[in-house]
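A single chain comes next, written as C-alpha cells; it is the form predicted on its own.
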C-alpha cells in the first residue's frame, strides 16, 4: 500500500482516474498506458457492484486507491462498513456522506483508525461528500434543502471538519471558499473536472484542472475526459501538464 500523500495547499496534487467502466478487460488494457500520468484510481458503487473486491485488488497495483462509496447510514452500520473496507481493500481514501451527521462521521473516522492499527497499515483518509456535483439549487429545493449549493456545502463541510474527517469532496465552485474557511491542511478533492472544451455530461458544477488547483484543490478526479478520449494516454498527459503548471503558479 502506498504511503498517504497528504497535501497542503502548496504541495503535490494527485490525479485520480474514475474507473466507471463496465468492461473489466477494458480497464486492464487502459490502466498500464496511463500509469505515468495518474497517481490513483477511484472506484465507486458501479465498479464494486459490477466487478467485486477481488477484481479491485487485481488492478490496484501501485496506485493510491480511492473507494468512493459515500457511506450514509446509522453510525454503527457505517463503522462496520468502514472496517470491512479497510480490512479487505487497504484503501487510501473512503468517502462518507457529511449529511449522515457528526456521530456517524466520528464513528467512521475512529473505526478506520482502529482497524488500520489492528492490521499495522496506514489508516485511510475519511473524506466527506457534501453536495453531489450533479445537483444545483433547484435540485436542492426538491429534496428540502433551501440553501444555495454553496451555503449547503459550507455547512456540511464545517460539520465534517469538526467531526475529524481528513477532507471534503466539493465542486470547483466551492473549493476556494472551503480553503479560505477551513485552512491549509484539509484535503479538498474535486470531481467534475473538465479540460477546456470538454462536455459536462451529467455534471452541473464543473471546473478546469487549472482553476481548481489555483483555488486550493489537493486532488482532482477525472473519468470520461480521459477514458472516452481518442487517445487516453495523451489526454491524461495533457491534464497532468495542466496540473504541474498550476501547482507551480500556486506556489
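Numbering follows the first chain given and starts at 1. Everything numeric here is computed off the predicted structure, so don't read it as measured data.
As for the form predicted in complex with cytidine-5'-monophosphate (C5P), it is not shown, yet the points below apply to it.
- Stretch-level contact check against cytidine-5'-monophosphate (C5P) in the predicted bound form with heavy atoms at 4.5 Å: of 179-187, 48-56, 214-222, 28-36, the positive one is 214-222.
- Interface residue remark: residue 129 is counted as part of the site for cytidine-5'-monophosphate (C5P) in the predicted bound form, having a heavy atom within 4.5 Å.
- The closest heavy atom approach of residue 18 to cytidine-5'-monophosphate (C5P) in the predicted bound form falls within 4.5 Å.
- When cytidine-5'-monophosphate (C5P) is considered in the predicted bound form, residue 98 lies well away from it, no heavy atom lying within 4.5 Å.
- Taking non-hydrogen atoms only, residue 60 never approaches cytidine-5'-monophosphate (C5P) to within 4.5 angstroms in the predicted bound form.
- Within 4.5 angstroms of cytidine-5'-monophosphate (C5P) in the predicted bound form, the stretch 37-64 places a non-hydrogen atom from 42 alone.
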